[in-house]
Structures are given as C-alpha cells and as structure tokens.
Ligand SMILES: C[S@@+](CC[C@H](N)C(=O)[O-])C[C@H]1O[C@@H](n2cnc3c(N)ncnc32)[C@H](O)[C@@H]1O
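First comes one chain, alone, set out as structure tokens in the form predicted on its own.
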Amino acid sequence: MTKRLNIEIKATHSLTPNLVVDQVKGVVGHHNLTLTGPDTHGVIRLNIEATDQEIDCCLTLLGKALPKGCDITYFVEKEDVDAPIKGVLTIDDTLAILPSNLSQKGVPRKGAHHTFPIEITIDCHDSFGHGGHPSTLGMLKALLRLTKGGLIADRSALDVGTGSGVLAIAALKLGANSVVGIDIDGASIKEAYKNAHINQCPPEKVRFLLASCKDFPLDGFDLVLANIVPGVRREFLSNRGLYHMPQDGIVLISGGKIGDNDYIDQMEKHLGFKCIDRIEVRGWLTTCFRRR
C-alpha cells in the first residue's frame, strides 16, 4: 500500500534553505517526491509517495543527512494514492475505465441508456495504474484533448513507465497507430500484456519491454507519454533522443504536484518544445509539449 508522507523542514541561520533543498534531493530523489519552498519563513515542504518501508528509510536518511538544529515535522496520510476503483471511472463522458471485476457488458451507466465510446478494463495487482490516480487522470484528459484536436491519429506512441499499461491502451484506442510501453519492473510488463489482451489490442500494434527511460531509443516515436515520479523524470529528460524527436512531436508529462514544474523550463528552453496545455487534477499537474 502506498501512502503519502508530508514533511516540513525549517532551516536555521547556520544552514541556508538552498542547502537543505540540495541535501533533501540527494536523500530522497529516487522517490515520488514533490518539493516546494523555501517560503518566506524558510520552510521547505516535501510530499513523498512511498510504502511503509520506504517512508521509514526516508525518515532515517533525512535524520542522518540534516544537521542538528533543523526543525523537522511530519505526518503520514494513511491512504492508497493509487487505490483500486470500485465502479466505472469516466473521463469527459467519452472514456470509461472499468476494474476487472466488472464485465464490460451490463455495467451500470450514468443515465438509463448511457454508453461510452471507449471502454478500457484494467486488471491491476502488481503494478501502478488502476486509473484513478490524479496524475493518470490528467494524462487521460490530455489524451482526449489531443484526440479532439486530431493530434493522436496515426502516431507512434511510447509509454514511459507503463505500469498496468492503461495509458498505452488508451492511446491505441484513441487512434495511435502503434504503441510501445517500457518499464523497469518485470511484473508490470506481464500485467500490461495481460491488460492489452483483455482489451483486445491487436498484438502487432502493441509491445511492452523491460527497459529504462534514460537511454531507450526514441527514434520512430512522435508521441511520448511519461507519467513518472520526479526522480525518474530527471532520467527521462536526460535522454538525448528528445533532441531528435520529429517536428510536431508531442510529449505528455505527469507524476508531480503543481509546484514541481522546473521541468517546463527545461523542455522549453533547452529541448526545443513548447507547452501547449496544462491540466490540474486535485493538485497534480499534467503538461503537454509540442516540438517547435
């Protein structure tokens, strides 16, 4: 079960806020971390999504890394941030995500005879991606907007950190010509293939590979989906293939809170993209970039 750890750190006169930020990033950069501040009072706030074991590790490492005198307070929200959905999850009255315990036929709809143009069934046990997490919802909303603008059809898509495969499957059903999903977790790859089969995705149009986003070749992709934690996002942005994406290539990025948006400058100022859309869902930010 994933929980949310909230930490506040007050720097002292002998330790500048920027140094605290650097130390914190060094300790917990590999987790799903959102870091904001320091504010006018020198307070830095962290939100970390992690398991109980990871939370204990984070607190231990922070206790060792930060010098005495730093005022640290924290609390843990006992909620599963990627909780299984219990009914039909609908997005913009167009797309419906169904948990595997509900059949696609005979499921209660909104209204007496309501049906959805696109329905996706997700069986998720060992991977991220039930469909209801705010970062995933933001990505699905962004895909639907792109579809309405005619910017999904016939594209070759790459889904970075595919998890259950929900975004890869959605891209394919929304008109992408083909999709490749990558993940560093073997259990996720197996689950993504299972979900692709459940949703009758043509096997010649979908592949899932065990691979890292840092050096995976981006040749041939003109739509890249990256719903990934901030630490992995930094690895993704170091992929040199981003420099060579085709004109009008599109990259969707999600997985961080609204205040965690330094990557927008990197995409626009250094990688040659323009931010064309921003979607906020319950404090989480999804951004859409287009190659200039």
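Because the structure is predicted, anything quoted here is derived from the model rather than measured. Each residue number is its position in the shown sequence, starting from 1.
Omitted from view is the form predicted together with the named molecule, to which the following refers.
- None of 261-269, 36-44, 55-63, 230-238 except one has non-hydrogen atoms within 4.5 angstroms of the named molecule in the model of the complex; the exception is 230-238.
- When the named molecule is considered in the model of the complex, Ile184 lines it closely, a heavy atom lying within 4.5 Å.
- Not displayed here, the named molecule is kept clear of Val180 by more than 4.5 Å at the level of heavy atoms in the model of the complex.
- Residue contact check for Ser188: one or more of its heavy atoms lie within 4.5 Å of the named molecule in the model of the complex.
- Interface membership of Ser212, defined by any non-hydrogen atom within 4.5 Å of the named molecule in the model of the complex, is confirmed.
- Distance criterion of 4.5 Å from any heavy atom to the named molecule in the model of the complex singles out Leu167 from the list Ala192, Leu167, Ile97, Ala157.
- Contacts of stretch 125-150 with the named molecule in the model of the complex, defined by any heavy atom lying within 4.5 Å, are made by Phe128, Gly129, Thr136, listed in sequence order.
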